[in-house]
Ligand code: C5P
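As a starting point, one isolated chain is supplied in structure tokens, in the form predicted alone.
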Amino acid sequence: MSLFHALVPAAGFGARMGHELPKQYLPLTGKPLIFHALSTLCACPKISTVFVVLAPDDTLFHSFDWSALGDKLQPLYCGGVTRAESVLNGLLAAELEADDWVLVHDGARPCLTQLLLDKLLVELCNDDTGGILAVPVADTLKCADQQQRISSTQDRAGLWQAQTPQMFRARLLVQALQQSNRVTDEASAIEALGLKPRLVLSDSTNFKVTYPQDLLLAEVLLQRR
């Protein structure tokens, strides 16, 4: 029987936050930002292991108390220069069974709920390819020229904004990332194999903290829960 594992790449810095601390360790409701994503994943009874992929020289992770998350959490100090490299290195270090499911999640998406996580698992567990959480694009999209002027308006029909977790079989994801190592998400690597990942409807609360104001919004959402 295939197992479910989560993998959280956390070897980056998050320069757009404009802070001296790596983004994953910025405080959010009294905990490091990444704690909230890890907590949700560790609390899911269907997930066996939660791997967090850290930079080889990370000295901050063990300065925090992760004991509340239980024994599912396993740090791997094998992060790479890019997200794709970190995910691939983590998959290889984890030595998973070929048909096990891997849910790759952004550590900077602290507002993932158990409801959305369970929905992803239920809708994809029998899928031949796997898929991702995503939301249809709601805003009008503009294409810009080199002078930051609008060059055209993009038809948003059929466009979705990718989120995480992104869920695929371990062997398939390793193969995809070995062939496409410059992608910005796992689904793109799977697409490059000629496959079509499934879109599982999410909601806008599962956003990625990218800028300082995003931390404020995340804090409001988490406190209301």
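A quick note: this is a predicted structure, and the numbers were derived from the prediction, not measured. Position 1 is the first residue in the sequence shown; the rest follow in order.
A second form of this protein, the form predicted in complex with cytidine-5'-monophosphate, is not displayed here; the remarks below concern that form.
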Open item on the list: Is A98 near cytidine-5'-monophosphate? Define near as a heavy atom within 4.5 Å, in the model of the complex.
Closed with: no
Open item on the list: If we define contact as a non-hydrogen atom of the residue within 4.5 angstroms of the partner, is P110 a contact of cytidine-5'-monophosphate in the model of the complex?
Closed with: no
TODO: Verify the contact flag for G131: yes if a non-hydrogen atom of it lies within 4.5 Å of a non-hydrogen atom of cytidine-5'-monophosphate in the model of the complex, no if not.
DONE: no
Task: is_contact(T82, cytidine-5'-monophosphate) in the model of the complex, heavy atom dist at most 4.5 Å - done: yes
Task: in the model of the complex, segment of 139 to 147, 122 to 130, 69 to 77, 100 to 108 with a heavy atom within 4.5 Å of cytidine-5'-monophosphate - done: 100 to 108
Open item on the list: Check for me: heavy atom within 4.5 Å of cytidine-5'-monophosphate in the model of the complex, for each of H5, P165 and R169, yes or no.
Closed with: no
